[in-house]
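What follows is one chain in structure tokens, specifically the form predicted on its own.
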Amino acid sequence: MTTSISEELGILRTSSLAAAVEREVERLILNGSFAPGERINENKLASELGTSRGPIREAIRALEGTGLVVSIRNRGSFIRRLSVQEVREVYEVRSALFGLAGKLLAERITEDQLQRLTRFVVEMEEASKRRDFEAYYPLNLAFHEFIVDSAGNTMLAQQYRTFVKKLHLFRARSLVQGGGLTVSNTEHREMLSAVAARDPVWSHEAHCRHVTSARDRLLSVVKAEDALSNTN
């Protein structure tokens, strides 16, 4: 049985709509429109986005895979919340992986890769000055992934990518609420300098320190949110 052109177009439109809805829901989560632990009201969200509940449900399922959303049977879907202990444990592992990536990159970086890293840092600095988080955050993610991918260790890159999926929401909140845009980019500058010097020890320390500082910024946000929820 063959699929008609109209059916194929219908499938394409449906998949395109689902992808667009997923991107928009992810944007709403990352910019703080939803609080950690908040239940997602599918009907309200569908109404706000001008769509049916089907694409909303597909988006929620996709975002579960990235670690942004948690679904509980018979209760609904909620914005993922990390405990203080989870934050510490997750960032300990991320620090080890990212520090190793920085060390390996310093040992083998090419001039082309160095120029690319420099452009990332310059563009993030420009976005930071404009306080443009929606421009800064994708650059920030791409910068970190470029470092890991350029380190020349496929297994490290795979493990890092799998591991950090669940951190997107919390990395975003630490940058916005923890005042981390300017501070984070100062740390990026040090990482760039260490890699440019081709100093694996300094690069390892700078990359580890960057993740540890991000952890501390995030912990301050999580603790403040916990304190606020306990007073309500």
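Everything numeric here is computed off the predicted structure, so don't read it as measured data. Each residue number is its position in the shown sequence, starting from 1.
Just so it is clear, the following notes concern the form predicted together with the DNA, a form of the same protein that is not shown.
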Problem set entry | Met155: touches the DNA in the predicted complex, heavy atom cutoff 4.5 angstroms | no
Exercise. Does the 4.5 Å heavy atom contact test between Pro36 and the DNA in the predicted complex come out positive?
Worked result: no
Exercise. Hey, in the predicted complex, is Arg198 touching the DNA, heavy atoms inside 4.5 Å?
Worked result: no
Exercise. Can any non-hydrogen atom of Ile40 be found within 4.5 angstroms of the DNA in the predicted complex?
Worked result: yes
Exercise. Is it true that Ser16, Thr51 and Gly76 each have at least one non-hydrogen atom within 4.5 Å of the DNA in the predicted complex?
Worked result: yes
Seminar exercise, completed: Within 4.5 Å of the DNA in the predicted complex by heavy atoms, the stretch out of 40 to 48, 202 to 210, 62 to 70, 189 to 197 is 40 to 48
Exercise. With a C-alpha distance change of 3 Å or more, do Ala59 and Gln158 lie closer or farther in the predicted complex?
Worked result: closer
For this session: Compare the CA separation of Val21 and Gln158 in the predicted complex with the one in the displayed structure, and answer closer or farther (the difference is at least 3 Å).
Result: closer
